[in-house]
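Only one chain is given next, in structure tokens, and it is the form predicted on its own.
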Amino acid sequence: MALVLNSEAQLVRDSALEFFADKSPVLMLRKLRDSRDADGFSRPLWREMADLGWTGFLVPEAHGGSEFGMVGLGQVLEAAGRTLAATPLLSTALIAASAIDLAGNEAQKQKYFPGLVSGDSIFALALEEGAHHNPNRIATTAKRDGDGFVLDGAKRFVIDGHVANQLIVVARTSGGQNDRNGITLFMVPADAAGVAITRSAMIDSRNAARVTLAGVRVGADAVLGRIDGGADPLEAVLDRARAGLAAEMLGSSSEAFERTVQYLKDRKQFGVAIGSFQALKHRAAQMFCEVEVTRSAVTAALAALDENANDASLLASLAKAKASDTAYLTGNEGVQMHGGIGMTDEHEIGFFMKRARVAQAMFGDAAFHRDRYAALTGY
């Protein structure tokens, strides 16, 4: 498994870095927050991303995508992480594209992929129900009603939920609340009768929502994959989501580290740059090492997912755990080493710490993935 990028992936990386630095700096996130923007992201910017082909990186060529893969999309997500760009890349270009590709039938692919690739449709995974990530703890029910189903339940922390056209709802069609068997995935229009969506205020100023399903009726064609067999494709989708989010966190950590090092060079005390102080050198060196180790873990996970390697799930958990620890470190150290100004809202370094806190919890924190890694290896 190569831990370096090929020429095509490097080209995507360079283009994405330039795109986000030019068109979506951290200042844009601040403006979206301060103006209380109804969408929480720029739709024109999202359309530009679709025009660049990024929305189709995980979509088969037969359905208008490029099948460029996780390594390519990972470069885009890392670049987005550097500027904390608020986009539906994770919810739509990665999670929804993966779910439809891995679990959908041909009719569903023909129905949903065109809007996804063009950027006209936004999707959201309605999974979480508790305070902590647990993909098998599903209390939302889907009961048979004639040829279709009736869904009842509540979801929280639905990324891009309030701007989504379609919800991918994880519901229980059989079994107990914590059983792996009996989980089914459903495609539910966000405007369907009985669906109530409330936007959540997140500390990182990014999109999330609470979704309530009260007697929501869907047809049999809404089932994504097999009835009672949704756990396997869901796990595969979540592995991609974890690796993709780890790539974004790598970008945020790298940017926080580089900004901090620059501040250490610029800020002077007693007539010298504070970066010359040995204690601060050691702390900066630790951040550098952790960022580079994280880069190796993320690259390995993305490549393993593209290759359908046997250890892809292990590497996805490894990448997410390591990225969570590194984002925590660089976020904290960035604020602390900037001193008093780092604690103010006027300085951008605090935005990276806030994003780290939310991203750490998404799709399982470091503790969750260390435990999962151990379980997958037989411990």
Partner chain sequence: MAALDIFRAETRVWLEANCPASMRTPMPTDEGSSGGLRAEYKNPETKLWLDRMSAKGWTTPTWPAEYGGGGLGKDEAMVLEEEMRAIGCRSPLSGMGISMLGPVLLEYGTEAQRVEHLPAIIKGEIRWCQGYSEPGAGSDLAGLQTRAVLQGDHYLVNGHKIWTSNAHLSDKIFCLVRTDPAAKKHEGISFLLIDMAWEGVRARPITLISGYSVFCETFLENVRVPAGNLVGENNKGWTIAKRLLEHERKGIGGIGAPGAPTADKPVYVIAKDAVGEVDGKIADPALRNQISVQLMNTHAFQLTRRRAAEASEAGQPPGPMSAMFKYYATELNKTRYEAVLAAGGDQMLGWEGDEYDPNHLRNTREWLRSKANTIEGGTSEVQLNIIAKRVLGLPD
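Residue numbers count along the first chain shown, from 1. Predicted, not measured: the structure shown is a model, and the values here were computed from it.
Another form, the form predicted together with its partner chain, is not on view; read the next lines as being about it.
> Only one of 207-215, 123-131, 145-153, 254-262 gets a heavy atom within 4.5 Å of its partner chain in the model of the complex; which is it?
Going by heavy atoms within 4.5 Å, the stretch is 254-262.
> Using heavy atoms and a 4.5 Å cut-off, decide whether F157, H162 and R240 all contact its partner chain in the model of the complex.
No, the whole trio is out of contact, none within 4.5 Å by any heavy atom.
> So, D101 and its partner chain: in the model of the complex, are they within 4.5 Å at any heavy atom pair?
Heavy-atom contact with its partner chain at 4.5 Å: absent for D101.
> With the cut-off set at 4.5 Å between non-hydrogen atoms, does R295 touch its partner chain in the model of the complex?
Contact with its partner chain, yes.
> Is there a non-hydrogen atom of H282 within 4.5 angstroms of a non-hydrogen atom of its partner chain in the model of the complex?
Within the cut-off, so yes.
> If we define contact as a non-hydrogen atom of the residue within 4.5 angstroms of the partner, is V117 a contact of its partner chain in the model of the complex?
Taking the distances in the model of the complex, the answer for V117 is no, it never comes within 4.5 Å of its partner chain.
> Ok, A273, I227, V195, M202: which has a heavy atom sitting within 4.5 Å of its partner chain in the model of the complex?
Partner contact (heavy atom, 4.5 Å) among the options: A273.
> State the residue from Q110, Q278, N308, Q269 whose non-hydrogen atoms include one within 4.5 Å of its partner chain in the model of the complex.
Contact with its partner chain in the model of the complex is made by Q278 alone.
> Since the partner is left out here, which residues of 348-370 would have a heavy atom within 4.5 Å of its partner chain in the model of the complex?
Counting only heavy atoms within 4.5 Å of its partner chain in the model of the complex, the contacting residues of 348-370 are H369, R370.
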